[in-house]
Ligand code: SAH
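One chain comes next, on its own, written out as structure tokens in the form predicted on its own.
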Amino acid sequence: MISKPKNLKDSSLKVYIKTFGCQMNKLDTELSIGSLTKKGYSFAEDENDADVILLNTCSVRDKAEHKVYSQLGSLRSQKEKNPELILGVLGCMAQNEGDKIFKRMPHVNLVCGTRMFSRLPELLDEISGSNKHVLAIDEDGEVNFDRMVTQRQNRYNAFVSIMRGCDNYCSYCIVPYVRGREFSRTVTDIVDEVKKLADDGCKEITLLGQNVNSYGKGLDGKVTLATLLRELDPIDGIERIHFITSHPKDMTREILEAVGELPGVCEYLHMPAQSGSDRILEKMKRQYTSAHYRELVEMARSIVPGIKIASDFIVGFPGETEEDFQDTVDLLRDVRCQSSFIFKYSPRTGTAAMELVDDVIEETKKNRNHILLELQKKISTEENMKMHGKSVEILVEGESKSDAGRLVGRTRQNHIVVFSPPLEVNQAGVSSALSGTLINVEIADSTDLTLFGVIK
């Protein structure tokens, strides 16, 4: 039986937030938790124990929105049992769908867009006791980056937003419409946040942006991602710096030289290719060719020895022929990415690609998706086997989800490493004893996704 919620001004009110999608969404959830915590809210670990349920959503693919609508549908009975329960949809889907969500799911109370997270406490207050619909979408609103640095999933890792929005308008992508135009935070603001994170025990940061390597746009003077990396690298306590996601058209030698020179910046580059066909890349409005992508990878590997490349690919884009798809297969085979996110194309309302005929049948999309996934698995397996017998430095994250008796960490190149703790460490306290530490592990075995090691 679900108890009746208290007044929202009561500090005992419990909020449950479920997050869908990318790292930016995970960070937005942390920002939301921070703003609500400051106003006295507490948080439930289970939706059945919550007075407020918020879904922080993704809108990049149609399937992601279907998942959210399915979740909202399953919450209808909970709302009927407890009319005072507040249901909210946050983030990209809220920005994209707007009041359509109320029409389709009238039991939802709040639709809050991507630039309105900092207003959550007052929006919930407005709904309290009224059970009304509140729509909060402002395409030009100023994002409040203020955060409680203590509110993050792992004490030793943190996402840091350095810019928001996207100006590329790739023909398949909804992001510019739900995240808005690009704007960069100041170097001073970011450095201040990272210093606070370091003081709170953070060892590793990941700089986030929809197009992270165009950082600096809108700032005074010649400020680039390389400039920022050079300011962040000396901060005491921060051992590792990552950045994602990089657009190939904005990757520069200056950025790669900073990665190669700065000891804290990790040898890992997530740079989506999307296709190996120049014809399809042009239809996607990606603004580079497959030859340019290959040149960037070659330059990265020459400047940063040992760097690992991760990518994204879309199969079945409108007009993609077998020859186009083979070009993508050839690109992946040549570049030998450490990992890839591979998606079947699905039309998104409002994007330029909606004007194109979605003429690749579903069976063909599935087949091409399978071929590319299998090729990536083969490459990953072969590359990971080359690690056998090598000693690697990992940052220990905690217990392995699949085996509580072992620990898990990541290399500088973002490999997942599972290993057994040393015998002299008390098993009961092994996670707390080693989490957040940098240790060397010798790789003894591997799969396509995971390395397995032993402490020597």
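All values reported here derive from a predicted model rather than from experimental measurement. When you see a residue number, it is the position in the sequence shown, counting from 1.
One more form of this protein exists, namely the form predicted together with this ligand; it is left out here, but the text below deals with it.
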Legend entry - R368: touches this ligand in the predicted bound form, heavy atom cutoff 4.5 angstroms: no
Legend entry - Exercise: N384 in contact with this ligand in the predicted bound form, heavy atom 4.5 Å: no
Inset, instruction - Decide whether K344 counts as a contact residue for this ligand in the predicted bound form under a heavy atom distance cut-off of 4.5 Å. - result: yes
Inset, instruction - Find out whether any non-hydrogen atom of P121 is located within 4.5 angstroms of this ligand in the predicted bound form, and reply yes or no. - result: no
Legend entry - Complete contact of C173, T245 and P272 with this ligand in the predicted bound form (any heavy atom, 4.5 Å): yes
Legend entry - this ligand in the predicted bound form: contacting segment from 192-200, 76-84, 336-344, 217-225, heavy atom within 4.5 Å: 336-344
Inset, instruction - Check each of I416, V60, L395, I33 and return the one that places a heavy atom within 4.5 angstroms of this ligand in the predicted bound form. - result: V60
Legend entry - Interface residue in the predicted bound form among V111, L232, I205, I314, criterion: non-hydrogen atom within 4.5 angstroms of this ligand: I314
Legend entry - in the predicted bound form: members of 191-219 within 4.5 Å of this ligand, any heavy atom: Q210
